[in-house]
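Shown here is one chain on its own, the form predicted on its own, set out as structure tokens.
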């Protein structure tokens, strides 16, 4: 197991809005091992989602180094970051981020559009991902025809479809009841047991309890 699969050193993120300068991350240093399940906790505004966005290559830090499996991705341009996201990272969000007019199958196939695969092959891979999360009977259903838990399962299937090494889940149970939250966390736990690195952002202690390690944040730093 690589203990420095994800290694951040003195990561800072500063936002400038007009004359206002806001420091979201104040020199974060952190290592996450390959195959680890980590929860990032903190109050609203603590910097946990900003940290997740940098780890997930959705954003660049203002300063510091970020080594992903030995490669410094902190200075990558948008195109390079997009390639890393598409090949190595899957995302699950609180609001599901599904296309309302598309079926579950079409939503899950979206990340495969740039893979060069034929549509029937994309459909086969997407079907298998939906089967993995227990939705083999809902392939043609649209998000409006599904419960919140089923929508989040579609989002997880979409995150899995490119077989990523890392899954970034930002408040994945935030819109779900406790029973459905437990079911979603069991899916993430199962993926972790198969070797995937899971990084979870949450403000709920019972959800963070599924992780092997909890990182607590306050005011842009780790406490």
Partner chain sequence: MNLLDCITSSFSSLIQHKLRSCLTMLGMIIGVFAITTVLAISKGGKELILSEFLTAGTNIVMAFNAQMETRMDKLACLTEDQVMAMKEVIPQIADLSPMHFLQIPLKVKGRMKQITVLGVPENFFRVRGIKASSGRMFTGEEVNRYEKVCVVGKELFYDLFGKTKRLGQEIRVEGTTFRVIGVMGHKLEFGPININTAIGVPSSCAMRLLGTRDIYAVQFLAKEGVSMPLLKKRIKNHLRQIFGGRDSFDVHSVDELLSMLNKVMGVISIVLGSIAGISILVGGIGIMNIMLVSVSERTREIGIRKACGATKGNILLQFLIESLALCSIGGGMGILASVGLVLIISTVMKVAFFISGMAIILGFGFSFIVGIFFGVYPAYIAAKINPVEAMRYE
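Residue numbers count along the first chain shown, from 1. We call the rigid core the largest set of C-alpha positions that still match within 1.5 Å between the two forms. Since we're looking at a predicted model, the values are computed, not measured.
Not on display, but discussed next: the form predicted together with the partner chain.
J.: Taking the partner chain as it sits in the predicted bound form, is residue 130 near enough to touch it, meaning that at least one heavy atom pair lies within 4.5 angstroms?
T.: Result no; residue 130 lies far from the partner chain in the predicted bound form.
J.: Is there any non-hydrogen atom of residue 102 lying within 4.5 Å of the partner chain in the predicted bound form?
T.: Residue 102: yes, in contact with the partner chain in the predicted bound form.
J.: Look up in the predicted bound form whether residue 158 has a non-hydrogen atom within 4.5 angstroms of the partner chain, and give yes or no.
T.: Yes, contact at 4.5 Å.
J.: Counting only non-hydrogen atoms and a 4.5 angstroms cut-off, does residue 75 reach the partner chain in the predicted bound form?
T.: Output for residue 75 is no: heavy atoms all beyond 4.5 Å of the partner chain.
J.: For the spot marked by 173, 210 and 215, is every residue within 4.5 Å of the partner chain in the predicted bound form through some heavy atom?
T.: Not one of the three qualifies.
J.: With the partner chain left out of view, choose which of 177, 186, 69, 59 has a non-hydrogen atom within 4.5 angstroms of it in the predicted bound form.
T.: Looking at the other structure, the residue within range turns out to be 59.
J.: Just to make sure I understand: among 72-102, which residues lie within 4.5 Å of the partner chain in the predicted bound form, judging by heavy atoms?
T.: Going through 72-102 in order - heavy atoms within 4.5 Å of the partner chain in the predicted bound form - the hits are 78, 79, 82, 85, 86, 91, 93, 95, 97, 98, 99, 101, 102.
J.: After fitting the rigid core, is the C-alpha of residue 76 off by 2 Å or more between the shown form and the other one?
T.: The answer is yes, as the C-alpha of residue 76 shifts between the shown form and the other one by 2 Å or more after core alignment.
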